[in-house]
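Take a look at this single chain in structure tokens; it is the form predicted alone.
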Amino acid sequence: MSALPRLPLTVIGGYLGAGKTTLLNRLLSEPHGQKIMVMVNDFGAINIDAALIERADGDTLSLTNGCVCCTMGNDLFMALGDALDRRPRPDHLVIEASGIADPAKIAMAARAEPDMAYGGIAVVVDGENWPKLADDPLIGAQMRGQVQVADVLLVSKTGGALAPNLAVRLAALSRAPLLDLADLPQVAPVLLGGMAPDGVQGGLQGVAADHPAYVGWAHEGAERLERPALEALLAARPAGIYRLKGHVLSPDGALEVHVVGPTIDIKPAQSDSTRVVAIGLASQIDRETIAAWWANAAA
């Protein structure tokens, strides 16, 4: 078993013109403290701040914050292999799906690769044009399908006011959390899950406290859970949690856990403590509820 932690893969989806590359530019510019690798069809479209670019090597840009941006070829699994072989390995891989692609097919590649973890699907919704386009007889089904596979919906072009009819339509298609990008001071806690790879300190908890849209909870302890007990605990998690990740000790070693939306991913890992972090919408859950739920497992 590899001593390296699994590489989380987050996919950014959304129809043409929704604002995916603008979202990536925000992510690359934020002080998230993680070494992320971004794969896109053409990184020239991201409009990366020139001050962030340290050097350009062919189809790869190295940034001053430790992040890497590169173009992705047609072979997805070869691209994933390149990310896994990179040394040092990135903390997180983010792929921008084509506007006409099914982001779920890309995200499921993480399930097939033992050294990768499912980091979720974030779908960008054009708050101005989506309702009209979603009713189009030619492209509407595709746009609605992208929403249906999302773990989180990020609405762009709202001008700071999310239209109630749009919220109702999206809620009818998906139970994923709905966030207005205009209201988010940082997007990294949502896209990356908020936990630094070397522990739970200084991650999401510090960011989430400053914003009412989402809350974060982090825990470190010595409790050990049998795998069936852990699976049962995660299956009974509060509905407001849409992402959880970390390491949990078990009698037979440690387990690495990734929970995104309805997906639970558990594989053997190496760790000397139980460390988990969770994120959810403040309108649906609070830290006390998450802490009480987890405390039942340690009791």
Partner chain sequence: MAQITVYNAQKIITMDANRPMATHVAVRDGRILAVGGADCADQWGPVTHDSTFADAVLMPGFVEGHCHMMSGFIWDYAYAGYHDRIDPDGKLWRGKTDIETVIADMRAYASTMPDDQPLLTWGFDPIFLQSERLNRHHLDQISDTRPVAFLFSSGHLMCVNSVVLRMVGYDGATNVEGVMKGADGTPNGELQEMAAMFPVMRRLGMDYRTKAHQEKYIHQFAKVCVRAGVTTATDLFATITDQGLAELKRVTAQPDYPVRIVPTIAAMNAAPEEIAAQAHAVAAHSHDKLRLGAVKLMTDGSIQGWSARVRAPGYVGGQPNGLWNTPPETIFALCEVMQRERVQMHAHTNGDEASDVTLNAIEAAARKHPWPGARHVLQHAQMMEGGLFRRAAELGVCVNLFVNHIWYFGDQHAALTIGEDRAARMDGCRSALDAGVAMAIHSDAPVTPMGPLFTASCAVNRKTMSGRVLGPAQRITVDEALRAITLGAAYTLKMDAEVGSIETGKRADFAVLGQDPTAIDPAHLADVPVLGTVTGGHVTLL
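Each form is matched to the other, and the largest set of C-alpha atoms that superpose within 1.5 Å is called the rigid core. Numbering follows the first chain given and starts at 1. None of the values given here were measured: they were computed from a predicted structure.
From this point on, the text means the form predicted together with its partner chain, which you will not see here.
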- Query: Just to confirm, Asp135 within 4.5 Å of its partner chain in the model of the complex by heavy atoms?
  - Reply: no
- in the model of the complex, Asn74 touching its partner chain (heavy atom, 4.5 Å): yes
- Query: Is Arg227 close enough to touch its partner chain in the model of the complex, meaning at least one heavy atom pair within 4.5 Å?
  - Reply: yes
- Query: Any of the heavy atoms of Pro131 lying within 4.5 Å of its partner chain in the model of the complex?
  - Reply: no
- Listed residue (Val147, Leu166, Leu181, Ala109) with a non-hydrogen atom within 4.5 angstroms of its partner chain in the model of the complex: Ala109
- Item | Heavy atom within 4.5 Å of its partner chain in the model of the complex - residue from Ala172, Ala222, Ala161, Met78 | Met78
- Message: Only one of these stretches, 135-143, 182-190, 151-159, 119-127, has heavy atoms within 4.5 Å of its partner chain in the model of the complex; which one is it?
- Response: 135-143
- Message: For the stretch 277-294, I need every residue with any heavy atom inside 4.5 Å of its partner chain in the model of the complex, listed N to C.
- Response: none
- Glu231 C-alpha moves between the shown form and the other one by 2 Å or more, core aligned: yes
- Has the Cα of Gly33 moved 2 Å or more between the shown form and the other one, judged after a core fit? no
- Query: Once everything's superposed on the core, is Ile264 shifted 2 Å or more at the Cα between the shown form and the other one?
  - Reply: yes
